[in-house]
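Encoded as structure tokens, the following chain is the form predicted alone, with no partner shown.
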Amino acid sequence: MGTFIARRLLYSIPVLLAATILVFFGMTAVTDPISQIRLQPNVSQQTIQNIIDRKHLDEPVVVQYGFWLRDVFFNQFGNTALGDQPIWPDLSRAIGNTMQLVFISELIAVVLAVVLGVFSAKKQYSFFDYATTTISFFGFSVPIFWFALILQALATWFFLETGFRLFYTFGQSSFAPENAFIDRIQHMVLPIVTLSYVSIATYSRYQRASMLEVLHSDYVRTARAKGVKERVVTMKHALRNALIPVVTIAALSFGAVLGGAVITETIFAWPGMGKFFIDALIRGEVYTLMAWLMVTAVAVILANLVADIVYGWLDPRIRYD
């Protein structure tokens, strides 16, 4: 297993290097890093020249890439173009805030999706199967922004009707709350429900389809023919192999969501990666956007690395491919 993990880690290094190349040359090809700054009337020509000198914008693009790469790995992504402010403090704060939502929502989604998918496969064509299928299709078809707004409307209606604030509809915390922990939970519930519901709808369908395929495989029929208890057949023989497709889609989704649940965080005014991206885009901070892209790329790479390790644990044959 150690050799398998080491091999996957080595594979991740050239992927990460390729990500830096795509991010930098892609961004510099489509925009001038200081185009927005040039349009600001209160920025002097001397300030613009200082930015050019500091960011080496008068050098060849390959040289610029070298300086930027140095900042990424040794200077915590460097500083912004305008204002020369460190990028990492705000970025790390946004990562932490988004991870609070992502970890909890993905954990809830995976657990519930696996349970629903397994029971749907075991009770194929039953009322439970049809009900979960209908709910999942509803989750596929409903735009995430609409679902978030509906949750906000319901929370507001409940507050107006009862005078009791059950959940908050925006922000991360209240001003001077009596109980900071309870207050944070009240702010997190609605965005977590929004992210979880969409993920559950996706994961449960993958789990059901994979479980149905495994339940009809030869080795499962052989286990039943030997008199193995149905619970053992389901949990030990079938579920372990049926989890592989769910691990794949969950890993990809985790990396993407960590990169920024832009719509959800914008609607609920959650100060995470989504809001960080929108703010940087509005300001035209190209180097901040590149830092966001790199964090997203690293999140996807790490999520796939974890998925590969889980593959090797679920199916030892994968370690020797």
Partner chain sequence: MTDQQVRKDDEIAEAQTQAVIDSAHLEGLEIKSLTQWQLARRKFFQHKLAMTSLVILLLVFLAALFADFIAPYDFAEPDVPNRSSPPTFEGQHYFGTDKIGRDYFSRTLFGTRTSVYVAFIVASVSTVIGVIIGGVAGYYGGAIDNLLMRMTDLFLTIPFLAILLVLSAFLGAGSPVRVAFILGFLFWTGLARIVRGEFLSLREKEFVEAAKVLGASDSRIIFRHILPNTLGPIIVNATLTVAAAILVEAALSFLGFGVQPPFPALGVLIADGQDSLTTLWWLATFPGLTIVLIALCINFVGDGLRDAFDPKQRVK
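Numbering follows the first chain given and starts at 1. Values in this document were obtained by computation on a predicted structure and should not be read as measured data.
Absent from the display: the form predicted in complex with its partner chain. The rest refers to it.
**Q** Using a 4.5 Å heavy atom cut-off, which stretch among 135 to 143, 72 to 80, 112 to 120, 97 to 105 contacts its partner chain in the predicted bound form?
**A** Of the stretches listed, the one contacting the partner is 135 to 143.
**Q** Considering only heavy atoms, tell me if Phe277 and its partner chain come within 4.5 Å of each other in the predicted bound form.
**A** Looking in the predicted bound form, residue contacts with its partner chain include Phe277, since a heavy atom lies within 4.5 Å.
**Q** Check whether His216 has any heavy atom within 4.5 Å of a heavy atom of its partner chain in the predicted bound form, and answer yes or no.
**A** Result yes; His216 sits at the interface with its partner chain in the predicted bound form.
**Q** Since only the chain is shown here, I'm wondering whether Thr156 would be in contact with its partner chain in the predicted bound form (any heavy atom pair within 4.5 Å).
**A** Judged by the heavy-atom cut-off of 4.5 Å, Thr156 is in contact with its partner chain in the predicted bound form.
**Q** Please check if Val62 has a heavy atom lying within 4.5 Å of any heavy atom of its partner chain in the predicted bound form.
**A** Val62: no contact with its partner chain in the predicted bound form.
**Q** Using heavy atoms only and a 4.5 Å cut-off, decide whether all three of Ala6, Gln207 and Val247 touch its partner chain in the predicted bound form.
**A** Verified in the predicted bound form; spot residues all out of contact, no.
**Q** Within 289 to 308, which residues have a heavy atom closer than or equal to 4.5 Å from its partner chain in the predicted bound form?
**A** In sequence order, Leu289, Trp292, Leu293, Thr296, Ala297, Val300, Ile301 come within 4.5 Å of the partner.
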